[in-house]
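What follows is one chain in structure tokens, specifically the form predicted on its own.
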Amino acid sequence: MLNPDSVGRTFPGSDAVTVTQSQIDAFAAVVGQSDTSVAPPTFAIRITLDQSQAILSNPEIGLDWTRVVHGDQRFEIHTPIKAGDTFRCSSTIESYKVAAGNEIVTVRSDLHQGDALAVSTWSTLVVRA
């Protein structure tokens, strides 16, 4: 069971991530986008997923990954991602509730370029009962 004291906590990422053109090209090919001058809108998940998984895998948080299914995903893009951009990621456990015995957790991950917020992603995970 998720530790309820985790809700509201923000966890900073430890490393900056620089986006390469080959990463954008590969991601764009998978989603069928031919214009790679900017990354596809959902590219941010490539950066934020590792961060949120690392946080939620911490035994102090208490999430059981063996029972997790993906519930929802959304993005808010303030600045398109381009090759050469460097980001720092932070993730916040925004909400937690139990419904029909299932735990529902929403994590917001923010990508910052310097002091500016470039992209926010929200992932809702369902931990099956």
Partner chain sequence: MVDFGSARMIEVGTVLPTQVFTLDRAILKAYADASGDQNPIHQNEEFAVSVGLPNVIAHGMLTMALVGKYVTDWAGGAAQVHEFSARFIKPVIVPANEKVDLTVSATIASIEDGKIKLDITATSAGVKVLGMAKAVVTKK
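No experiment lies behind these values; they were computed from the predicted model shown. Positions refer to the first chain, counted from 1.
The same protein also exists as the form predicted in complex with the partner chain; that form is not shown, yet it is the one meant from here on.
Heavy atom within 4.5 Å of the partner chain in the predicted bound form - the one residue of Q73, N102, S90, S95 that qualifies: Looking at Q73, N102, S90, S95 one by one, just Q73 meets the 4.5 Å heavy-atom criterion.
Residues A26, G32 and A39 all lining the partner chain in the predicted bound form, heavy atom within 4.5 Å: Answer is yes for this spot.
The partner chain contact at P80 in the predicted bound form, heavy atom, 4.5 Å: P80 belongs to the contact set for the partner chain.
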